[in-house]
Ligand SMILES: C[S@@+](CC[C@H](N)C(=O)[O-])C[C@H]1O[C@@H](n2cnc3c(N)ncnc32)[C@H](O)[C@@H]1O
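Here we start with a single chain on its own, the form predicted alone, put down as structure tokens.
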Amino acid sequence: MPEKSLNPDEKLQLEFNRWATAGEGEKMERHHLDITEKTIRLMDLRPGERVLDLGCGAGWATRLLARLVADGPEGFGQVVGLDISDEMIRSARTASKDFENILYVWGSAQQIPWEENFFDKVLSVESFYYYPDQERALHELFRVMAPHGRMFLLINLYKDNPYSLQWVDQLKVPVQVRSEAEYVELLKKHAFENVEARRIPDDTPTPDDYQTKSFRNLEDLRAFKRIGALLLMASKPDLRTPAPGYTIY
């Protein structure tokens, strides 16, 4: 099928399948580990919890989560990794064979193939700004989260970090570019509570001989890391979402 006739999700799938083939999924761990570990510490994960890793890529963050919610007095926790790229999912499954509490699912954030009111926590690392319809994605997240569930969206590309905007023209798929204030308003619009935004700087050293194609120079990269990623945190209210009037999966 010609690329121009693909729908937005199919274009994302094609592009991230290319990334998977090029080994980019595994490289993401090196690029995002510092800010992800800081975010995971804020998640207050407990054994027995059910967690969604939205836009899981090659599954490196999924495995971090799985270790923290594994067997404990509260039960055996489960982590579901969801990605639009079937090639990323294939890589993630291969790398996670030793984990009994991980399930990887191929699907879209705009129609999450899971039941209502299930996940205690949601983590999304560096994927939310790729979603063609962020409003629809938030509707779906609200649906699959348990009452009082907590959501953590980590976003490196946003208006308040001007250095990140250097990527926009380099990416081969459209991206959503919003400010912190716009994101906070968007989450509140979708009935999330306790909405909070904070910056998560990346403290990983940047060597003087580091080669970057994403930034004009190393000083821009270092400034980007100092400003940090935008972390959006929010809760689902104490209510259960009814099943939708359409088939999820």
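The first residue of the shown sequence is 1; numbering continues from there. Bear in mind that the values here come from a model prediction, so they are computed numbers and not experimental data.
Form predicted in complex with the ligand: not shown, discussed below.
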Heavy atoms within 4.5 Å of the ligand in the predicted complex: which of the stretches 95-103, 144-152, 158-166, 127-135 has them?
127-135
Only one of F224, W60, F192, Y183 gets a heavy atom within 4.5 Å of the ligand in the predicted complex. Which one?
W60
Establish, in the predicted complex, whether L12, F16 and G55 all lie within 4.5 Å of the ligand, using non-hydrogen atoms for the distance.
yes
At 4.5 Å between heavy atoms, is H32 in contact with the ligand in the predicted complex?
yes
Would L218 sit within 4.5 Å of the ligand in the predicted complex, counting heavy atoms only?
no
With the partner left out here, check for me: in the predicted complex, does some heavy atom of V122 sit within 4.5 Å of the ligand?
no
Classify V80 as contacting or not contacting the ligand in the predicted complex by the rule of any non-hydrogen atom within 4.5 angstroms, answering yes or no.
no
